[in-house]
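Taking the form predicted alone, here's one chain by itself in structure tokens.
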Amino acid sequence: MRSNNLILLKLGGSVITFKNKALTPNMEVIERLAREISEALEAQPFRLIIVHGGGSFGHPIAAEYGIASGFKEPTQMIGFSKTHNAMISLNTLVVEALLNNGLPAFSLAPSSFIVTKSGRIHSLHMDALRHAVELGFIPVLYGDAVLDYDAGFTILSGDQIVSKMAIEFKANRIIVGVDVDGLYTADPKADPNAQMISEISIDDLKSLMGRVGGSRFIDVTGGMMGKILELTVPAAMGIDVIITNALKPNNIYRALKGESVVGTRIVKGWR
């Protein structure tokens, strides 16, 4: 049984930052998305959890210090802390934009309630998050540098968080905002003949896996391939999953309202 109108919204790092410019937010897009979220909630109330990626804030630092591969030497501890601190800075910008639009955004660091094991969420303390949602807050989480029982520490992607939270809350829908229109048969930024896929089953994703383009810039969490792998789990449980271009005005607004939007829908099977 699904929770009452709960949506998980993922805002990709390639959307809210300029991934080719270190520590550079795309404030115009962040502010527009905050307005779209506010307008969608005003038009049609629903519960919401937002998760955003790291883009040019988290990924370059994490890559420089090899955080995703785990603890190897003490100098990495500085890199771990720098990565986490950079994500706090980006998260603050997102939360402030939401607050400026009258939304009760509530920042919650994944590293404060999640510990991974071999890179997968293992220890999860949900009480604060559940209570915040029940009260009507909009928790704003993010891909984070987290402690790991096996590796010491690692990078926990926003996509893994979205998948886990959707399952835990029995969400109605997952909306993933990226910098392309959806899934393609090839990387649309490199192949002009790439074809967009408007709907795809989990089974047919297997044949697409080797052809989906990754990130052109540094991405320590797997790029588009990582998104697909994480999203298949909630999709298999019947949770609606839509991938759409958040750089195009009103796409997120329409998706939040449940309206038709250009993008890719992942379904359990062909109907």
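Since the model is a prediction, treat every value here as computed from it, not as a measurement. All residue numbers refer to positions in the sequence shown, first residue = 1.
There is another form of the same protein, the form predicted together with another copy of the chain; it is not shown, and what comes next is about it.
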Does another copy of the chain get within 4.5 angstroms of any non-hydrogen atom of D127 in the predicted bound form?
-> yes
Heavy atom to heavy atom, is H84 within 4.5 Å of another copy of the chain in the predicted bound form?
-> yes
Would you please decide whether K72 lies within 4.5 angstroms of another copy of the chain in the predicted bound form, comparing each non-hydrogen atom pair?
-> no
S112: touches another copy of the chain in the predicted bound form, heavy atom cutoff 4.5 angstroms = yes
With another copy of the chain left out of view, choose which of I121, L147, I167, A186 has a non-hydrogen atom within 4.5 angstroms of it in the predicted bound form.
-> L147
All three of L103, A132 and F137 touching another copy of the chain in the predicted bound form at 4.5 Å, heavy atom to heavy atom?
-> yes
Tell me which of 187 to 195, 91 to 99, 168 to 176, 155 to 163 has residues with heavy atoms within 4.5 angstroms of another copy of the chain in the predicted bound form?
-> 91 to 99
